[in-house]
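Shown next as structure tokens: one chain only, the form predicted on its own.
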């Protein structure tokens, strides 16, 4: 699993920080979370082909999180995309798609599948589960989690001891199917180790601190949480339904996450070390994201 931070600024971009967007390379897919203005250029700089993106998850409908979508979709059309593009987000994204389809002159020959979400499970495959929860912003905001399903370790020596020949039969047992060996039935439980927990990635979108986020982020490998303000500007953060770095760190601590990544940084701050220092005082394993930061799990 690989996270690429394409944009880490808040409402206004800067010379060094683009509008919000994160790419996740995992499970043979590229997923994108939010798509602020300029994202397709960030993709080019990060050497990620937009043609490989099949799923876009939008946290909310503020411009700094969605205005890169029209250009991205049109570029996909110019490149001859035919595969569907799935866009997930809060109620209102169907209207957003209608607006995009009328935005200038262009042709697309691929379906755009819109999924307006409610809280809970969004997707489940053999490899992962994606869920969302409503958190507290001044418009409807969804926070997302991606949980990696991890198979138990296959006990090769035990399987051979039971008479299973190396090859395709190993795979069948590892996938959870019983196998007949002579007169015996070998069950998966006989050749599999203990249950293993996969990585869990949580992305907040824009939100002020809330209990829903603490519960949602429980035991996450990585919590990516907005940190628009420093502690000295906590009143502004509260009034604008955002979080400070220290508040994000408190959430990480209470949720018992392994790593906190701060993003959505206001351009008012030139010394980012202050944000990191405030967070580390509460939760040691904290880091401030920067554009094109790459995190491998």
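Everything numeric here is computed off the predicted structure, so don't read it as measured data. Numbering follows the first chain given and starts at 1.
Although it is not shown, the form predicted in complex with another copy of the chain is what the next lines describe.
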* Asked: Looking at 88-96, 175-183, 205-213, 220-228, which one sits within 4.5 Å of another copy of the chain in the predicted bound form if you count heavy atoms only?
  -> 88-96
* With heavy atoms only and a cut-off of 4.5 Å, decide whether residue 71 touches another copy of the chain in the predicted bound form. => yes
* Asked: Just to confirm, residue 79 within 4.5 Å of another copy of the chain in the predicted bound form by heavy atoms?
  -> yes
* in the predicted bound form, does residue 61 have a heavy atom within 4.5 Å of another copy of the chain? -> yes
* To do: State yes or no: in the predicted bound form, is some non-hydrogen atom of residue 254 no more than 4.5 angstroms from a non-hydrogen atom of another copy of the chain?
  => no
* Could you spot which one of 258, 236, 41, 268 gets a heavy atom to within 4.5 Å of another copy of the chain in the predicted bound form? => 41
* Which listed residue (139, 129, 114, 162) meets the criterion of a heavy atom within 4.5 Å of another copy of the chain in the predicted bound form? -> 139
* **Heavy atom of each of 29, 124 and 149 within 4.5 Å of another copy of the chain in the predicted bound form** => no
* Asked: Taking another copy of the chain in the predicted bound form, which residues along 15-30 bring a heavy atom to within 4.5 Å of it?
  -> 15, 16, 17, 18, 19
